[in-house]
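Next comes just one chain, in structure tokens: the form predicted alone.
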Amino acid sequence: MPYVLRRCLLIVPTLLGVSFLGFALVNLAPGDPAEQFARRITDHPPTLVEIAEARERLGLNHSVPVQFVQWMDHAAHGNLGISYATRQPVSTELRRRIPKTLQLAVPASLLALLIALPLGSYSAVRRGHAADQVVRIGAMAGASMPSFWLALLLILLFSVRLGWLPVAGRGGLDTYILPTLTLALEPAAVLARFTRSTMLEALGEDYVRTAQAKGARQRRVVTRHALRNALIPVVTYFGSRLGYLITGAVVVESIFVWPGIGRLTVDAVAQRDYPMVQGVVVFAGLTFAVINLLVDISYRLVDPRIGVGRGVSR
């Protein structure tokens, strides 16, 4: 069986396992979703009878495995359920929120690459020089800084002190700058360190010395020979970070009041909105499974010596 087809088939049990685990953990959280649901459909504190009716209506009087099987049966027919909070189909809400998250995730990912690859490569080439030390210290600081702290610093500087950018919300292009920078800094710092480490290893290989001995220009040696062969660990990390960004940067979206998947997840958990949480879990599992598949395939594009049929051992 071809490797790609085999990996595609593995997505199914992966989604089943992730979905059940998420469903079980949400059910263990404190609070009664039936009571919260009853509060939304009545204009007074719900009675015990109304709460019992809501529990029956939502199917919460069954055990967790039975609820999960019922949900899977509906999901197999394209129905992810109705949100307890918004009373709208979960799939509709996801389709509305996903593009807004992508509007941050894609620019942040590209910005991280544009920062990390040149800086990491330059740091490796200039190993031991002052520029290398500056890049290493900056990368360590960026990788160590929590995203919520960075977001608050950027808001304090550019919004409160200078008044250049809005504090939060989604509107014009200026509202994208701060959350994009916040999302891009940490992966850029880690990717720069990855790039420097793998570039140092590649620059010490025999094929690089041979190219240098033949009189090849330094830029050609770095970009054509060393960098391409140093990209596999970088691609691996970048794939995982891209999945995190697409499935919703919870902290960043909450701070900047960005109406994406991350904020939707926070609201759904706080409101005990089981169908919405389950829909987000399935979306996240599917996103990571597809990205991991694409990362495995991209290994062969980065390094043709690696066979997709054999997979990657790294």
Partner chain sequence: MRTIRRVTVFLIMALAAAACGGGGGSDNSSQASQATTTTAAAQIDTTKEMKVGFTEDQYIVEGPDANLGAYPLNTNVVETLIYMNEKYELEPRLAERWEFRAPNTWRFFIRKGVKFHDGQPLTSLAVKGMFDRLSKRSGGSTVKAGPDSAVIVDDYTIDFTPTVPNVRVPQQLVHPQNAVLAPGTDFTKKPVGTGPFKFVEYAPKERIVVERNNDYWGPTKAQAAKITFRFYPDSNARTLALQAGDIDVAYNVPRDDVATLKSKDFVISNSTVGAYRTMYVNIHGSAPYDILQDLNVRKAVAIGIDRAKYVSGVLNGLASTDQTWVPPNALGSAASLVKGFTYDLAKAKTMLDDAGWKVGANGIREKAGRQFKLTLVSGFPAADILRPTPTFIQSELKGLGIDVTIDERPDSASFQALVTDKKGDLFLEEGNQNDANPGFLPILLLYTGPGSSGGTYQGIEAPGAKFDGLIAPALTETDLAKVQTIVATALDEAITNNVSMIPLAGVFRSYGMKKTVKGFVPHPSFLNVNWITVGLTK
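Residue numbers count along the first chain shown, from 1. It should be emphasised that the depicted structure is a prediction, and the values quoted were computed from it without experimental measurement.
Just so you know, the form predicted together with the partner chain exists too; it's not on screen, but the next bit is about it.
- Taking 74, 126, 228, 100 one by one, only a single residue has any non-hydrogen atom within 4.5 Å of the partner chain in the predicted bound form, and it is 100.
- Site annotation in the predicted bound form: the residue of 294, 301, 9, 25 reaching within 4.5 Å of the partner chain with a heavy atom is 25.
- The partner chain is not drawn, but in the predicted bound form it has a heavy atom within 4.5 Å of residue 289.
- In the predicted bound form, residue 65 stays away from the partner chain, with no heavy atom inside 4.5 Å.
- Using a 4.5 angstroms threshold between heavy atoms, residue 166 counts as touching the partner chain in the predicted bound form.
- In the predicted bound form, none of the heavy atoms of residue 210 sits within 4.5 Å of a heavy atom of the partner chain.
- Residues of 58 to 91 that come within 4.5 Å of the partner chain in the predicted bound form, judged by any heavy atom, are 85, 86, 87, 88 in sequence order.
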